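Below you will find one chain, with nothing else, as structure tokens; this is the form predicted alone, and questions on how it binds or moves follow later.
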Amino acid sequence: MPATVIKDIVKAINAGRSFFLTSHINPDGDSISCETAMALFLEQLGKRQYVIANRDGCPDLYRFLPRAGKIIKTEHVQGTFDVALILDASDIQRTGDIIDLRTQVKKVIVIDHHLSAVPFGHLNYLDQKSASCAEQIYNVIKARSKKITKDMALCLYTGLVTETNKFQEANTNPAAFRTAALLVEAGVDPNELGRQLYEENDLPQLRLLGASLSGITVSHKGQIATTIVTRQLMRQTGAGIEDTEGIIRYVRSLKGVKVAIVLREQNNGFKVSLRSKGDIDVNAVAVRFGGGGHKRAAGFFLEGSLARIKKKVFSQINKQLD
């Protein structure tokens, strides 16, 4: 199945003249790396008529990646396109409805690896066994190009290393290491990239981390750890939205904890991030609230008050634990 759909995707890209690239709301390292690597691939094929747009733009952390400067932040993109490449987004709602695929695009290509992924494109390359969407983009590029450039490799390795949390998450598998080795052979310096990603924290980010960890609460006999990142806390520390991304890993690291929860306040509700250990399936919880992800890493957004949201989320997580 993957080989066939990859072949069809390459054929569609070859035939297209104008392209639209996007990913999910609140993009992460994997989604940004897929967009930038695909942009480089299109250029390699001589196809420079493309637009990359995300509802939430590009986090500052990933602006060093080649072509990241081309990513537009917008609520809705204008124009029509031959091909839309929806990367690392499990369903159309996850893109933030940034485009009308029925009227603005002739052919829709979906490439995703989440458990909750649904086939909403004309061509759907869905691979839940892939540790990252970046690996799927690598497979598409290799099916057409004889050469993975150093810039492509830098983008794809960034996606792979961030999505696996430095090859520590449960999604890390032999294929991930094989792809990583090939990307290093293509010119990636893991030491320099690691420094860029994990050793360039600014003071507001560290202050937010400290304040968030100070506010951890533990419940369900020590099995659930929760912290809340309010807009007031971000204002007090001077931190931005992207500075919240790594907090949940520290929350999950607490001894005895099986499920970590970070509730991040937004305009009319909270973004809920979940991480788990062992066999706890937080994706099942996220799906119930319109989100998704992976078995041990998932998220969603809920409108309403903090008390009401916590009650709903804890009810579902307690069922998993019990």
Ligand code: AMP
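From 1 onward, residues are counted along the sequence shown. As the structure is a computational prediction, the values presented were derived from the model and not from experiment.
The next section is about a form of this same protein that is not shown, the form predicted in complex with the named molecule.
In the predicted complex, at least one heavy atom of residue 292 sits within 4.5 Å of the named molecule. Using a 4.5 angstroms threshold between heavy atoms, residue 54 stays clear of the named molecule in the predicted complex. At least one heavy atom of residue 300 is located within 4.5 Å of the named molecule in the predicted complex.
Taking the partner from elsewhere, residue 67 is found to have every heavy atom lying beyond 4.5 Å of the named molecule in the predicted complex. Proximity to the named molecule in the predicted complex, taken as a non-hydrogen atom within 4.5 angstroms, holds for one residue of 90, 136, 212, 162, which is 90. The stretch that touches the named molecule in the predicted complex, counting heavy atoms within 4.5 Å, is 265 to 273, out of 58 to 66, 33 to 41, 265 to 273, 251 to 259. Residues of 90 to 114 lying near the named molecule in the predicted complex, listed in sequence order, are 90, 94, 114, the criterion being any heavy atom within 4.5 Å.
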